[in-house]
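Shown below, as structure tokens, is a lone chain in the form predicted on its own; questions about how it binds or moves come after it.
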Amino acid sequence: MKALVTGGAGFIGGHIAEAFVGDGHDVVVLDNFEPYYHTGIKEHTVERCRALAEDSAGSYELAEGDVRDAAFVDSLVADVDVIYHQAAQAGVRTSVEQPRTVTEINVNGTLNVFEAARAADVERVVMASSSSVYGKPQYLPYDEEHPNEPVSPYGVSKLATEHYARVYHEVYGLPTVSLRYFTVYGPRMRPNMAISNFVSRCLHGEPPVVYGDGTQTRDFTYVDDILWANRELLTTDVADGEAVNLGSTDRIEIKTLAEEVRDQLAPDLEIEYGERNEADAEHTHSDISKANELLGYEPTTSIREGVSRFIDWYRENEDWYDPLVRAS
């Protein structure tokens, strides 16, 4: 198949593009290399995908551009079978500071993708959404019927794109799936995420910094589990028109996570605490029953195993990854 992966040089999009090329598919990546974090990480991902394409039956093409450029999006979508729409302005805190930018990229950019997909009659659009659509929990774990009351512009933007996905499926017959990711982590993750930050600081003899009292909990999901679900959606229509949680069900307190990293790398360090951002969710915890029922989704990586695997990867790639993390 020929797949367009928007945001395909980024963290999750890059893993999807790499996996599809390795599986023998033809992949076109759209990315604008926004310097939200050090673009050297994205450039490394592109190099990996290009090298992989030379040794596989799949192909890889990079198209530098922006999802806000409707004409450019139209030109890329015209001859693809499926779209994996991962491009977005990430970051809850960034969205509080730049709500207009987040809306322009996440909402208007997504509308451009859907319009292009409708015109080209693509087989499916799989879109990255977020657990941020839920907001303050009325109960846990979150299932897909939980009220959506996001507490950040980022969460609002993702909820808006979900509604567009539903409408384009119901009104125009465009097959769409919205995947609600729960805090994805793993190799080449964004430097400003908790795990990569904790690891970097501990390796440099600096105490990990927890914002708030550390009792906040997160449902961390290893990127390989996310990849599994995205691969399934290449060939099945069972989730068309749906919003589906993708989490691990294995939540952990942030201070416990910091201690886990600290204990593996620098046991003598003391945890430091900073001021919590009010836009950060207090708790996330996913009910993945729907994903299991529709796709057979069963996450296989516990948070402690995933952290250990990430630390091993970090050490193996410290020569290029660590300087970029420190610079971001």
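Remember, predicted model here, so these are calculated numbers, not experimental data. The first residue of the shown sequence is 1; numbering continues from there.
The next section is about a form of this same protein that is not shown, the form predicted in complex with a small molecule.
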- Message: Can you confirm whether Ser196, Arg201 and Tyr273, the three residues that make up this candidate site, all sit within 4.5 Å of the small molecule in the predicted bound form, judged by heavy atoms?
- Response: no
- Exactly one of Ala291, Val261, Cys49, Val67 comes within 4.5 Å of the small molecule in the predicted bound form through a heavy atom, and that residue is Val67
- Exactly one of Asn148, Thr183, Asn112, Gln216 comes within 4.5 Å of the small molecule in the predicted bound form through a heavy atom, and that residue is Thr183
- Item | Touches the small molecule in the predicted bound form: Ala9 (any heavy atom, 4.5 Å) | yes
- Query: Does Leu30 make contact with the small molecule in the predicted bound form, using a 4.5 Å heavy atom cut-off?
  - Reply: yes
- Item | 4.5 angstroms heavy atom contact with the small molecule in the predicted bound form for His169 | no
- Can you check whether Ile105 is within 4.5 Å of the small molecule in the predicted bound form, heavy atom basis? yes
- Only one of 112 to 120, 184 to 192, 202 to 210, 170 to 178 gets a heavy atom within 4.5 Å of the small molecule in the predicted bound form; which is it? 184 to 192
